[in-house]
Ligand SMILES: NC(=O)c1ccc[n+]([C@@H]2O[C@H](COP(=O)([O-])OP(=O)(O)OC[C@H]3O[C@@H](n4cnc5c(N)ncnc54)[C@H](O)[C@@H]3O)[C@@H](O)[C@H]2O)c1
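Just one chain follows, in the form predicted on its own, and it is written as C-alpha cells.
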C-alpha cells in the first residue's frame, strides 16, 4: 500500500438512477441492481485499498449520486474548491461534502452560487503537477476557470466538451503517470484538440476508439503505474502494457447506467504540488452591448448561440426588454473565451450582429502602420458587408467603400480622420490599419415588427427557395424591379453563359431594352454565346430553335469571336449591323455599361474582355456603386465575387440550378439576400411574364 496517496469514496447505500440529467440515465430509471452496484463498488474499493488509502464520506438518503465523489470538489494540497452543481438534483450534496472537508482541515473556497463547476469531474491535474486541465461545455462554466487558477495558484488549460455523452472531462480524458494521456479526441472541439497536442507529445498521447470511450475507459483511476477501469479492448490493453502500465479491470456496469465509472466514484485528495508552478489563466472576458429588436428579430438567441458554438461562455449581465412593440431592447453580455484568438473570433462575429465591445468610451480602435505595401499588419480586422464605424480619438468614424474581406485603412486629412475599406493589395506604406476587434461597431437596422411585416411582400426574407416557391419569388422580384425602375434606381445583373444556353437570353435582352437593367457584369463566355446566337442562331453549337447540334457548330463561337475582333469591339460590330439582337446588342443600343472579366479558360477572347483580373475587379466595384438590387444569374464565380464587393442594404437574388451556389450567397447573413434553386431560363421567362401583368407603375403607400 502507498500511504502517500489518498482517495475519498462514498458507499452506495442510497445509490439508484432516480432521474435523468445525462444521456446515460435515459431509459435506466430504477433499473440499476442495488446488490450488483454494492458488489461492484466494494470490488473497486478493495482494489484501491491495496494501492492507496481510502477515506469514506457518509452517504445521505435522498442524494443517490453522492456516490460519485469526484464531483465533491477539486483538491490541491490543503486547499479545496467546492463544487457548484448545475442540476438541482445534485445541489443538496454540497453541504455534506463541505462538512467533510471542514472536519479534515482543508481551506475551503466557494464559487458564486450561479457559477457551475463540478469538481474533479471537470478538472484533472496533470500527473506531474505541471498544470490543471479544466473542462467546460455541459456541467462547468468557463468563467469558473480563472477562480481555479487564482485559488490553487496553477496554470489552467481550458478544454471544451462537445459530445453530450461525455458531459464531464473525466469521462473522456485521463492524465497518467510520466506525462501520458488517455483521451477520446472526438469529445473535444478543434481548438481543444490543438491545445492537447501542443502540451502532450505524440508518443505520450493515447487516443482511444469510440468503442473504448463508451465503456468509460478514460474514466479510470491511475495510481503510479496501475490503471483501474471498467473495461478495455485488447488493443488498449496492449498499448498500456507496452508503455509499462498494469491494467486492472473491474466491472462497473451498474454505475455506467448513471453515467459514471471508476474515476467518478473516487476523489484523489493528495495531488502533487510543484513550488515552481504558478497561476496562469488565458481565459479572456469582455462585455458587449446589443440594442435593437433583440427578441422578435432573434438577435439575442443568435448571439448567445454564436458564443457557445465558437467555444466561449456567456453571462447576461443586464437585459432591458422594450416596453412597447415598437420599442427596442438592450442587453449587456459578459463573454468569456479560452484564449485571445478565440475571443477575437467571437467578438468579430458579434460585431456583425451589431454588438459593441464595452466600455466604448474607453476603447478606441487599435491601429498599426503598414510597413510593406500590399501587406496588412498581423491581426488586422477583416471587414464584412455591414456598414461599419471605428472609434478614433473618441469619435465614431464611418468606414467608406464598405465591402467584405478587406482591411480598414485610417488616415488623417485636413478635414479630419478618414476610414476606408481597402483590399490588401491596395494598402500603402504609412497607412494605419485597424487591428484586433475593439473600437469597432456595425450599424444594423432596427425596424419594428410592423415595418418588417409591411415590407415583407416587397422583398422576401433571407433564405434559399426551392422550385415550388419560384413563382412567389418571381412575383416579388418583379415588384422590386418595377419599383426600382420607376424610382430611377439601379439594377445590376451578373450573368453566366447558362442564361443563353437555357433560352433566357431573349428575356434578359428584353429586361435591358425596357429599362429594368442598368449594368451587366459577366465573363467572356456570356457575351460570346449571346453573340453566337445573334449571328449564327446557335449556342455552344446547338440550334436554339430546334434544340439539336449543328454540324460544325463547335466552331461557331470561335468564328464569332474572330468576327468581333475584326471590327474591334462589340459596339462597332453593332454599329456595322453585324449584330442585330441579343443581350449585348441591347446593352450597346441602350447605353447600359458592361464589364466582361476574363479567365484563363477564355477563347479569343473578345476585344471587350478585360483580361487583367485586378482591373476587372476595380471595374466591377465601380459599376456596383449605388446599386439597389443585383440579379445573379447562373454564374458562380462572378456572383460570389460580386457578393463580396457589395455592402449590406443591397437586395440580391441569386438564381442557380446548383444549390451550393445560392446557399453560399445567402450565407452572407444579409437579410436582403435570397437564393432560388431553379433553371435560370425558366426564372427569366416567368419574370418577364409577371412584369407584363404589372400594367401600372409602382406606387408607394401613403402613410
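Residue numbers count along the first chain shown, from 1. Keep in mind it's a predicted model, so treat the numbers as computed, not measured.
One more form of this protein exists, namely the form predicted together with the ligand; it is left out here, but the text below deals with it.
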Can you work out which of 84, 557, 482, 289 has a heavy atom no more than 4.5 Å from the ligand in the model of the complex? 557
Position in contact with the ligand when the complex is considered in the model of the complex, options 657, 57, 47, 650, heavy atoms within 4.5 Å: 657
Please run the contact check for residue 163 against the ligand in the model of the complex: heavy atoms, 4.5 angstroms, yes or no? no
Residue-level question: is residue 38 within 4.5 Å of the ligand in the model of the complex, judged on heavy atoms? no
May I ask you to check whether residue 687 falls inside a 4.5 Å heavy atom distance of the ligand in the model of the complex? no
Residue-level contact is defined here as any heavy atom of the residue lying within 4.5 Å of the ligand in the model of the complex; does residue 635 satisfy this criterion? yes
Of 220 to 228, 516 to 524, 256 to 264, 428 to 436, the segment with heavy atoms within 4.5 Å of the ligand in the model of the complex is residues 516 to 524
May I ask you to list the residues of 477 to 497 that have any heavy atom within 4.5 angstroms of the ligand in the model of the complex, in sequence order? 496, 497
